[in-house]
Each structure stands twice: as C-alpha cells, then as structure tokens.
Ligand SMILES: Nc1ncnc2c1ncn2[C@@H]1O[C@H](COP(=O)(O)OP(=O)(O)OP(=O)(O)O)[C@@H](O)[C@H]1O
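Before any questions on binding or motion, here is one chain by itself as structure tokens, the form predicted on its own.
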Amino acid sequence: MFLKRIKLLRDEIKSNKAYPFSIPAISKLDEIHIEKNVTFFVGENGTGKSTLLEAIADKCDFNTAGGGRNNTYDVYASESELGNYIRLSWLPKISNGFFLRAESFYSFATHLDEVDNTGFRDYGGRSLHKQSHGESFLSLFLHRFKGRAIYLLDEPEAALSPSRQLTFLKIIHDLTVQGDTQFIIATHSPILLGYPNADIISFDDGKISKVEYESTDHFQVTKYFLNNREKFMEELLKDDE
C-alpha cells in the first residue's frame, strides 16, 4: 500500500457554500485513512465520491480526464477544484498509476490513437476504438496495469458485463496479491463491492464513513430484487391512485 491518508486543508477554504464544499460529505471531510490495498468509494449520485477520486488523481498528477502522468490532452471540465484543498500522505511515494474516468474514456482512446507508436503494446495490440467498449476496458486492465502503482477507477463497471466484472476482480487479485499495487474505486456495482477484505467507504447521508458490504444499498437493493423480483416490480410499477 502506498497512499495512507487523505486530509482536507480546511484552513485554505474560502467559502463552504461554493462547489465542491456545497456537497455535504465533502464539507464534512476531515481525514480518510486508507488501510487496505483495495478501497471502494460508494454513494448515491452527487454525494462526492467521484469528486474526491478526481481530486486524488489531480494530486497524483494524473490527467483528470483519464490517464497517467504522461497522457496530456484536454477534455472540457476535467479540472479538479477539490485537488487544491487536499493533502495526500504516502509511504512510500510513487508516481506510477492511472486514473480511469469511464465517462471520458472515449477521449482517452482517441488520444492514444494520436500518440501511440508502440502498436498499442500496453492495450492488447489494437486501438481501443477497434475493440468493444468492454473489451477496451479489459485490455487496459490486463495490459496497462502493472505492479508498484496506484489505480484510481471511477465506475469501471460501466462497460463490463457481470461476467466481465468477475474477470476484473481476478485481475485486481492478481495485481494486489504481492502487495505492490493499490486500488481506489468509485463504484455502484454490488459485484465489485464483494471483493474480499476490501474497505468500503460510504459518502451517503452527508458524511464519509466506513461501512460493511451487507449494509450498502447496492447489496440490499440487489438482494431484495433478486429474491422478490415479481413483488418488487409490482410495487414499483403500480399505478398511482
């Protein structure tokens, strides 16, 4: 493990009402201690998990539109405002890694088409644009991700079928088993959240706190739906009187 702590520089904040401090969980952030090689950020849309992950990427000098330190290209609204207000504590400090931002992955693939001169050696030997969306994600995970690095992933399940999510869990295991790779992943996937011995940090209810897998909405809603599908759909789709 490399990244040990994330601290908000509260004395630097000029207004608690301006974005991103208008997000309740971010406004209450003090310190987050990272204790596992795999850490998940969970929460409803808009709770700040992706905002914080992007800020971490910014402090790592990764391209906040997606990529590593050497991927230089511009995407609208890719700057991190929160990055100016956090401090990362490392032991040891590393510079190798990658930030996956699912929503701008197309732009990253276009960037590679423009600059890669290796025959896409780190991406399965083919342009990411010539692979399906799911194949391109797995090519990134299988070929670009290597040891002694930190990987920050924002909703990697976006392009992955359930079976491919299981494949991704095996990739995480293979990379972390030697203890020289760290993952921080923002996700909505109950499959990914089931990874054993990971920490899950919730941004729900206006606070940042560690939670157990079985207490997440992702697990509870999915379990209830699978066990009570007909009843669930009847209640969801019934006409209002």
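Heads up: residue numbers just count along the shown sequence, starting at 1. No experiment lies behind these values; they were computed from the predicted model shown.
Below, we refer to the form predicted together with the ligand, which is not included among the displayed structures.
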Review point. Hey, in the predicted bound form, does Gly46 get a heavy atom within 4.5 angstroms of the ligand?
Key: yes
Practice item. Would you please decide whether Tyr19 lies within 4.5 angstroms of the ligand in the predicted bound form, comparing each non-hydrogen atom pair? Key: yes
Check your understanding: Hey, in the predicted bound form, does Ser50 get a heavy atom within 4.5 angstroms of the ligand?
Key -> yes
Exercise for review: May I ask you to state whether His188 is within 4.5 Å of the ligand in the predicted bound form, using heavy atom distances?
Suggested key: yes
Check your understanding: In terms of non-hydrogen atoms within 4.5 angstroms, which of the given stretches 172-180, 205-213, 38-46, 189-197 touches the ligand in the predicted bound form?
Key -> 38-46
Practice item. Any residue of 142-178 with a heavy atom within 4.5 Å of the ligand in the predicted bound form counts; write them all down in order. Key: Glu155
